[in-house]
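Given next, in structure tokens, is a single chain: the form predicted alone.
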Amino acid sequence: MKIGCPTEIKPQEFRVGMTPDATREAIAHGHDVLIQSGAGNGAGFTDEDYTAAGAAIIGTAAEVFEKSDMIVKVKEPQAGERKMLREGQLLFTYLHLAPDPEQTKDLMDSGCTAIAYETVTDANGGLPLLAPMSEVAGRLAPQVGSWTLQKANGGRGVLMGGVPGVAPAKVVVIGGGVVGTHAAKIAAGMGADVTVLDRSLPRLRYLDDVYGGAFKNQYSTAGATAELVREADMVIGAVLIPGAAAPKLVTRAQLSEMKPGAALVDVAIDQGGCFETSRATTHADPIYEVDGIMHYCVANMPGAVARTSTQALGNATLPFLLNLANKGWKQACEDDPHLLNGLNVHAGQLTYYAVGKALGIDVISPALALKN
């Protein structure tokens, strides 16, 4: 199979879909790998690194799309890239379709088969291709939140760990999954007073058993959330409903009750955001203010640490990439129901229920798509 990896063109996206190590592995399995020139520069991988691994360096994205059977990316294809997709071509990347009707329509119109990293599952009910970026984003959230809290950036001017005689920042993490756990660990490590909210009692018990000495946890009701948000210096939104739009857990009306200059960090912004006032921003212009509250809503947070993120993502995607290339997508998905859960679009039809529900589009089952 010819596997193509174009340069990411989303603003300030420095990751790349394949590392030189992944390239070498794919070639060892008998496949051809086409890398757009400069695709790895942002993550610290040169064209020479890829040629040493056996890849062919291609000058333009158009050539990569034209010559490849499978396109491997990081972020969702942008409008210009979607025009280059064709019927029967396989796309393997993050998609986040639920809040993006234009992308969904374009992918369906292209006739391609699109498998989304974020909806591939595992035997434990986890999301193995989302987890590494969730880990990165979770660990970044307190870091960027503490920067947002600085007075020069419009924040309250509160130091995360305080100093002797001065209380630390109060941090509320909404969601105790992968993102929330990593965010809470780092925030607590910075010395903040951290509380994690979640609706799963088994998860809260786990967090208490493992991290009880580092941060607190509380069952997430609307009342508890409102009370904690009111007193917080920083709120980190870390909720996820796989493939679906994120629920709005902090309303605009609540902003007026918060401390002026408090920071909201919305890690769920890829799925539409979990704060009512969230809108996607970029690394070039990451924060904005609404009713005196600072919002950090960068849609590709892990892109800020591109080398770490690329390596972590590559480790997770490689086994699935090889299965898709070795077997073809139909056989690979038939053999692995967890990979089949990643199928979002095929031959002009939507195949993921949560996206169809969010966008009001008819859906066929992935199993039926395998027969088409």
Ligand SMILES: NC(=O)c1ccc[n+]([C@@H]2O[C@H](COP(=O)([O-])OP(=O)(O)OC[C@H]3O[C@@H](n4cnc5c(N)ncnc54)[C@H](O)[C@@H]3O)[C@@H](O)[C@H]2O)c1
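Residue positions are given as counts along the sequence shown, with the first one as 1. Note that the structure is predicted; figures quoted are calculated from it, not measured.
This next part talks about the form predicted in complex with the ligand, which is not shown.
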Legend entry - Partner-contacting position among T121, Q143, Q254, S220 - heavy atom within 4.5 Å of the ligand in the model of the complex: S220
Inset, instruction - Taking 4.5 Å between heavy atoms as the contact cutoff, choose which of V235, A192, L91, M301 touches the ligand in the model of the complex. - result: M301
Inset, instruction - Answer for R199 alone: is it within 4.5 Å of the ligand in the model of the complex, judged on heavy atom distances? - result: yes
Inset, instruction - Flag R203 as yes or no: does it have a non-hydrogen atom within 4.5 angstroms of any non-hydrogen atom of the ligand in the model of the complex? - result: yes
Inset, instruction - State yes or no: in the model of the complex, is some non-hydrogen atom of L249 no more than 4.5 angstroms from a non-hydrogen atom of the ligand? - result: yes
Inset, instruction - Please run the contact check for V178 against the ligand in the model of the complex: heavy atoms, 4.5 angstroms, yes or no? - result: yes
Inset, instruction - Name the stretch: of 287 to 295, 148 to 156, 104 to 112, 267 to 275, exactly one has residues whose heavy atoms fall within 4.5 Å of the ligand in the model of the complex. - result: 267 to 275
